[in-house]
Structure formats: structure tokens, C-alpha cells
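This document starts with one chain, in the form predicted alone, laid out as C-alpha cells.
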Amino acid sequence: MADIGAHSGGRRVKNGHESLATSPGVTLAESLRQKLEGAIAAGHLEPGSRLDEQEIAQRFGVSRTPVREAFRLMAANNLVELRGRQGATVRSIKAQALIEMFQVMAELEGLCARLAARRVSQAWGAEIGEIHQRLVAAGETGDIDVFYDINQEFHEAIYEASRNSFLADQTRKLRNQVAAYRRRVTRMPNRIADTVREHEAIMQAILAHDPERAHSAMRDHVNLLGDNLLDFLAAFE
């Protein structure tokens, strides 16, 4: 299994366990869910990956009870499939269902961009500009992992800029379900250059307070259309 801590904020301590940050009122199961879902959202746990109950319990220094509860919470979010005594596996999605999910994802993110264009402040412009410059730099190095993580940061900033917490939460839930596949899209030929160009168009539309253009640019960026769809299907299996 992937090193979850390395990709979702965990830290090694002397006893070999990864730290599990908890907040008042947050259960161990919820903390585990957040960490595991973070690894899935970042694309570091691939579809079909097995999540071993005992291994995770040992890794985080907890009993197996909160691990089982975390699995149940993740199953409720359609992120994993429960396998009884075998634990759980990261959910795999068939091609047709995935295309439909990308279509919905495109509309949700498009709405985030539309609302952001109506509501962003001047300070946000500096924030998104800094993220975009880091994305450009990562694209020039060709480091897919770093590029993908900054790409997620760019999208997250737009979710927040929508100032609609319900919309942002629903968008994140669907994003987490398709995260590993979005990572595959990033690896397609020329996709890094296309992403940088498309992000520039999205950013400029939002900063120009043009909701229609922002919605259209984001929707087309996220959706799988034309040759991109054909290329994705060819590489899907």
C-alpha cells in the first residue's frame, strides 16, 4: 500500500507509527477517513488498491475498530468497496460511468467558477496568481506528481472562492471519487501544456468578473471532449 503519510500530512514518530492529528470532537475513525480520503484524492491510492485493516491499524497505532468504521464512512462516500475480512479496496469505475461523472464534475466546477467570478476579491487575485505561477514552474520541470498537487490546489482555491460551502463540499466529494482518473488525464500527451493554458483562461475570466466565460472555460477544462475523450478511452484499460 502507498505511503499514506507521505502524501497526506502524516509524520513518522519514533515508534514507527504515523501521527494521526485529531481535533476536539473528531473521532479516530473520522481522522483516519480524512487521511485515507486525502491519499485517494491526491491519486496516491490507485483504483483496486487493497486497504488492509491490520496494516493501517498498526501504521497509525490504533485498534482495528476505528479502521473498520473509517472504511464504512468511505464506502458511504463511494470511495471504497468493502471486502469483509479482506478489508476494503479503492473503488474502480467503469469507463461509461466515469465519463458521466466527469460530465457532472465539469458542471459543478463550472458553477464554482461562475460564482467565484461574481464574488472574488482583489486579494484572491494575488493568491490564485501565485498558485498558477507555481503550476507553470512545475510544468516546466515535467514533475507530474508536483504538477498534479498544485493543480488540485488551483481548483480548491476556486471552490473556496465560490463562497458556497455546500457546493464546495459536493464538488470535493465527486472529485475524490474520480481523483485517480483525473491523475491519469494529467499524464496524457500534451496535457500539462493544455492545463496551464486552460487555467490561464479560467483565471482571467474570474478576475474579469465574467461569470459566463468563467463557467464555460472551467466546464471545458474538466470535461472529456473530442480527441481527449478518445485518447482517454484508448488508455483506460
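Since we're looking at a predicted model, the values are computed, not measured. The term rigid core refers to the maximal set of C-alpha atoms that superpose within 1.5 Å between the two forms. Numbering starts at 1 and follows the sequence shown.
We do not show the form predicted in complex with the DNA, though everything after this point is about it.
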Hey, in the predicted bound form, is Arg72 touching the DNA, heavy atoms inside 4.5 Å? yes
4.5 Å heavy atom contact, His209 and the DNA in the predicted bound form: no
Give a yes/no on whether Leu51 approaches the DNA to within 4.5 Å in the predicted bound form, heavy atoms considered. yes
Check Arg64 for me: does it contact the DNA in the predicted bound form (non-hydrogen atoms, 4.5 angstroms)? yes
If you check Val196, Ala168, Leu28, Val185 against the DNA in the predicted bound form, which one has a heavy atom within 4.5 Å? Leu28
So which stretch, 199-207, 52-60, 172-180, 185-193, is the one near the DNA in the predicted bound form (non-hydrogen atoms, 4.5 Å)? 52-60
Following rigid core alignment, is the displacement of the Ser63 C-alpha between the shown form and the other one equal to or greater than 2 angstroms? yes
So, does Gln54 move by 2 Å or more at the CA between the shown form and the other one, with the core held fixed? yes
